[in-house]
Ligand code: NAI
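In the form predicted on its own, a lone chain appears below as structure tokens.
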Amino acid sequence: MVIKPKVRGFVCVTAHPAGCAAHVQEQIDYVKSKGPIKNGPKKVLVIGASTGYGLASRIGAAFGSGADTFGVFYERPSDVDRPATPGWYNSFAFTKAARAAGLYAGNINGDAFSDDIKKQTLERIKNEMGPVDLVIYSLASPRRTHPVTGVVHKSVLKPVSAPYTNKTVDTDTGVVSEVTIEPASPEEVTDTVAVMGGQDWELWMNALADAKLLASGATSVAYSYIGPEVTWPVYKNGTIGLAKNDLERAARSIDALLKVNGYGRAFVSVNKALVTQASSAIPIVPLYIGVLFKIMKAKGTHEGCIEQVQRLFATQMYNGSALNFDEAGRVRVDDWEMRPEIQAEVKRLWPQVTTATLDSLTDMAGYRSDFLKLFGFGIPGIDYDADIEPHFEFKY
């Protein structure tokens, strides 16, 4: 079939297998171009491994450090008349490339929140790879079925305590308008923390420790975001921010667990604002990203997921480097985004952004391009008018 992008709201419902594979290869080539990472990880578990920072971490570990990797993700496979989700194609492409390079690459496709998937993952790691020295926690899910209570928790992206009004943009039409977001209920706050907080990360790490599947010096990192003041009411101080606070609580708990048992460390890495399926769903944030991209590209400091992860690995976690923590004990790879001169320019431009000035004051073209690349579209060298087989087998 000929596969074209079909965008509905903040989701593209189609994905291109060749485009996804080319996007993965671009990231592999970038990591290789930066040279090997000395003393890097050798056996890595990535929970949430199919897109964004999780996928970039897996690529960075495998092709920067020669690591064996195991990926956990929850994606819809291909069918004879329907493409898979992009994360499924990404994982297929990564696995094929890693195995061709002589690296172990194991996968499980299922609900990482469930006890069953945890049990299956641990069993396969034990039998196929051995104890891990790096655990990446990079889940981004709108809902979680609690493994003990069976309650389905659904996350929301809302402010807390008061409505919030600010500019937003329709990324399809380019229309800039005001949006008012009503505050979350106490139940919605609790549900969001249950989905996006740190409890599941703790469950994974406890399970790995109990199974003696953590190697000496094992490290674990979860990814987070803080952002600028313009996004704080709906992000840092909103429901998702409260969930990220719980993620930081979990980091301290896991760090203590690792140190008590003679392992390594656990921490939260605060990363840069980027176009992801998750960020596309948050009002106000896509417009901020458009302004930010315009400024950072002009300064020559713009990075994507793979550049962020490679810099984290090469300049802080490995290569004889040391972690640089902020006052709250977080590692900051959003440092270039949060430079005072960058944020001052965001504040200067923000009031001037309208539908008429959108193209001149922001990089919404870059935003849209990055969004489509998530689904394998807009990649140079791919013939999007050609017939392509959407369905093939994937040996996990």
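Sequential numbering from 1, following the sequence displayed. As the structure is a prediction and not an experimental result, all values here were calculated from the model.
Below, we refer to the form predicted together with the named molecule, which is not included among the displayed structures.
- None of T301, Q277, N319, S253 but one reaches within 4.5 angstroms of the named molecule in the predicted complex through a heavy atom, and that residue is Q277.
- This chain is displayed alone, yet in the predicted complex one of S141, N245, N237, T315 has a heavy atom within 4.5 Å of the named molecule; that residue is S141.
- In the predicted complex, the named molecule lies within 4.5 Å of some heavy atom of G110.
- The named molecule is not drawn, but in the predicted complex it has no heavy atom within 4.5 Å of W232.
- Heavy atoms of A273 reach within 4.5 Å of the named molecule in the predicted complex, making it an interface residue.
- Contact between Y104 and the named molecule in the predicted complex is not found at the 4.5 Å heavy atom cutoff.
- Residue heavy atoms within 4.5 Å of the named molecule in the predicted complex occur in exactly one stretch of 205-213, 184-192, 74-82, 164-172, and that stretch is 74-82.
- Along 222-248, residues Y223, S224, Y225, Y235, K244 each place a heavy atom within 4.5 Å of the named molecule in the predicted complex.
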